[in-house]
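Form predicted alone, single chain, as structure tokens, below.
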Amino acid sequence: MRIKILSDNNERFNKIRLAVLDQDSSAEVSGGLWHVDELPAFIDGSGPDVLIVDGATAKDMPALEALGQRRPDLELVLISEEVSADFLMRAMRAGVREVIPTSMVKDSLQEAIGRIQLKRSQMQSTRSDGKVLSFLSCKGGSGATFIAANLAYSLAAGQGKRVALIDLNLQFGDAAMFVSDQRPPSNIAEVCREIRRLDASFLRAAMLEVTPDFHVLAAPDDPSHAPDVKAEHVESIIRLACRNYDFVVVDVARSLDALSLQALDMSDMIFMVAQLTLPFVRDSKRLINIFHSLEYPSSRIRLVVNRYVKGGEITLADLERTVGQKVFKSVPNSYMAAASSVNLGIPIVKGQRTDSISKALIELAQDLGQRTEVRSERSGWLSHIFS
């Protein structure tokens, strides 16, 4: 564990360092005589797991909160003479995990380090390496959200998997409405505003429970809250979800911005949803070309045709030939059944199990549920930018 100490007193720095090493002799402990105002220079490039700030006061909270937004994975521990209820509340809102009185540093600090060690070991031991399945439309109106939501339900209800559905359509996302008529307790924007509190229980409390094994993290009700969600927040949420769910299904907005690309970079499979019309064929080709430019391997891309009807002017073979990608699955057209499912907020594979759409999605869930491929290394737009 990498621990950095920020102090303005050399004697106190050494005492804190020895107390940390007494608790965790294998820790990489560094730091020095710095002031909170110099946090960016102090932290950048070092990537510690824990930051201990000695002599913290209320005026330091804005800088600490800004750091927490940049590094949601960082464990913040304060040593302070201030122990009032107001100070502790401000510290909690800034994302601080522990506040230790200066009068009892050694024992309290070692207990705090012990709790952090336990938390990190539990997170590692419970890691399930859940698969990330991202769905996006080749063109607006493809039905990608419908397929993503109903497939997620089918994986949980039919295959006995723990499934999280994350709605990344931040402007007009409505994935939760496709599987439930209940109001979500929170949404992804609210989670990101409190990103320093992110852990398994906090994430779970923010999600709508559709079934005991199927939970939905909804998009914000107000599109103006979309800027609260950052790419680094998306990464933290998906990584945490992967440790607690067998499948993480992400409904990705069609616009390829930093948030969408972060999810796509982390995906084991990317499902492109199209229909057999000329505009869809054209945009499918464009999207495939973009994925190739991002160096996404073809083995991760799945082309799904929705509302498929045999005998149309454009065939599956025409689509495959044009885009250079085999069709992975075709979902039949059954408009009345799909509309009824959406209007009632009942997954189609629950309310109309014998419908042709349900049969196709159940088959797809069975196929995915039986797959045991090892997660491959991912490289994408974000990794290229920062490499």
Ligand SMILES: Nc1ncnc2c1ncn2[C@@H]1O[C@H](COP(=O)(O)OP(=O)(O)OP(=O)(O)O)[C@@H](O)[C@H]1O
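What you are looking at is a predicted structure, and each value in this text was computed from that prediction instead of being measured. All residue numbers refer to positions in the sequence shown, first residue = 1.
This protein has a second form, the form predicted together with the ligand, left out of what is shown; the following refers to that one.
Q: Heavy atoms, 4.5 Å, the ligand in the predicted complex: which of 220 to 228, 310 to 318, 92 to 100, 141 to 149 makes the cut? Say which one.
A: Correct option: 141 to 149.
Q: Give me the residue from 284, 134, 306, 154 that has a heavy atom within 4.5 Å of the ligand in the predicted complex.
A: Here the answer is residue option 306.
Q: Considering the ligand in the predicted complex, which of 346, 67, 338, 327 comes within 4.5 Å of it through any heavy atom?
A: Checked against the cut-off, the match is 338.
Q: Look up in the predicted complex whether residue 342 has a non-hydrogen atom within 4.5 angstroms of the ligand, and give yes or no.
A: Yes, residue 342 sits close enough to the ligand in the predicted complex that at least one of its heavy atoms falls within 4.5 Å.
Q: Is there a heavy atom of residue 333 no more than 4.5 Å from a heavy atom of the ligand in the predicted complex?
A: Answer yes; at least one heavy atom of residue 333 falls within 4.5 Å of the ligand in the predicted complex.
Q: Flag residue 178 as yes or no: does it have a non-hydrogen atom within 4.5 angstroms of any non-hydrogen atom of the ligand in the predicted complex?
A: Taking the distances in the predicted complex, the answer for residue 178 is yes, it comes within 4.5 Å of the ligand.
Q: Answer with yes or no whether residue 56 is in contact with the ligand in the predicted complex, where contact means some heavy atom within 4.5 Å.
A: Result no; residue 56 lies far from the ligand in the predicted complex.
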